[in-house]
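To begin, one chain is listed below as structure tokens, in the form predicted on its own.
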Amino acid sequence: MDEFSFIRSIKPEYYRQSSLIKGIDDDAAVFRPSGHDIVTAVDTMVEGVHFTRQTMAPEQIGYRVLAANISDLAAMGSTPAFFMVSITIPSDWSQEELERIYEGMKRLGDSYQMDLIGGDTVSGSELSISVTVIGMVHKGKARYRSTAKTGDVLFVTGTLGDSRAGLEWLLNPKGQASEDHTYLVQRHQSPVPRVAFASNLSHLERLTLNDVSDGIANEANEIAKASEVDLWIDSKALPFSEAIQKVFPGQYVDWGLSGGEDFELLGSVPEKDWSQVIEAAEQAGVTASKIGYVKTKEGPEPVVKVNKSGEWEILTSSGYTHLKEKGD
């Protein structure tokens, strides 16, 4: 396989985005948006670090690395438009397997009308895929972590911990897989970015969003620090699927807080807008759960607190530490 024949094999037959002037076939792509701000993100997955052939088929690898990037765009309130792929190819991956990776990306990209407009291919010792996504948002409407304010409702979409649970089953299967196991594995291999949900809230004057890629323990702390506020989370309000509660009854709460890779959205809105969040979620076919509130920063540094069994604990980016106080 040579680089040029491979590029020809993955080149789109046509493009969807009207703002695109030049796609694949030159030194760089050219597009000309009108009336929008440009949002871009990049993510990399490396074999042996982020995936193995034991946990994912080639098309699932492609789907998932693009999904992770699209989720970042959703957190910015952006509509996906283009993506570029740089791939390092080891000798033990066949052209058929590589084309299946791109088929996985194409399947997901097609559902958002995204165009593949470029990238790079090189040889190396391990498979590595870097995807750059480009999205568009109406001028001044990008969503940031730094806009949460005291009194806001803190919410999260979907359910938490499922991806971590699915990975656990893939790495350590025990017995016959049930429908619950299959559901959790699907949540790990084929996450659904919450683009529609975020888009449905584009009319709100103020909306804070963060992509749940590293677990809400990390994402909540990012919002708290960026907005200079404290976040208070009620662990009993965290949303969990029936599947994770049945299959992993002893781990699901911790995985919900720190498991990561669910690619849900954690956010805050003024309480007066909470009903609109519920409506936007229903329209997008996803749930939105109120899990706490934004409060004024009490100490020198912003913190996230979680209520477990009547005691408030500091939730750090890597987990939580006991805080010797009770009540609110």
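Note that residue numbering follows the sequence shown and begins at 1. Keep in mind that this is a model prediction, so the values were computed, not measured.
This protein has a second form, the form predicted in complex with a further copy of the same chain, left out of what is shown; the following refers to that one.
A.B. asks: Please tell me which of Thr182, Thr150, Ser94, Ser146 lies within 4.5 Å of a further copy of the same chain in the predicted bound form, judged by heavy atoms.
C.D. replies: Going through each option in turn, the one that passes is Ser146.
A.B. asks: With a further copy of the same chain left out of view, choose which of Leu167, Met114, Ile134, Ile233 has a non-hydrogen atom within 4.5 angstroms of it in the predicted bound form.
C.D. replies: Selected residue: Ile134.
A.B. asks: Is Asp25 near a further copy of the same chain? Define near as a heavy atom within 4.5 Å, in the predicted bound form.
C.D. replies: Judged by the heavy-atom cut-off of 4.5 Å, Asp25 is in contact with a further copy of the same chain in the predicted bound form.
A.B. asks: Is there any non-hydrogen atom of Pro33 lying within 4.5 Å of a further copy of the same chain in the predicted bound form?
C.D. replies: So Pro33 counts as contacting a further copy of the same chain.
A.B. asks: Can you tell me whether Val39 touches a further copy of the same chain? I mean in the predicted bound form, with a 4.5 angstroms heavy atom cut-off.
C.D. replies: Yes - in the predicted bound form, heavy atoms of Val39 and a further copy of the same chain come within 4.5 Å of each other.
A.B. asks: My question is simply whether Arg206 lines the interface with a further copy of the same chain in the predicted bound form - judged by any non-hydrogen atom within 4.5 Å.
C.D. replies: Flag for Arg206 set to no.
A.B. asks: Only one of 157-165, 102-110, 80-88, 250-258 has heavy atoms within 4.5 Å of a further copy of the same chain in the predicted bound form; I'd like to know which.
C.D. replies: Partner-contacting stretch among the options: 80-88.
A.B. asks: Just to make sure I understand: among 50-89, which residues lie within 4.5 Å of a further copy of the same chain in the predicted bound form, judging by heavy atoms?
C.D. replies: If the 4.5 Å heavy-atom criterion is applied to a further copy of the same chain in the predicted bound form, 50-89 yields His50, Asp72, Ala75, Met76, Met84, Ser86, Thr88.
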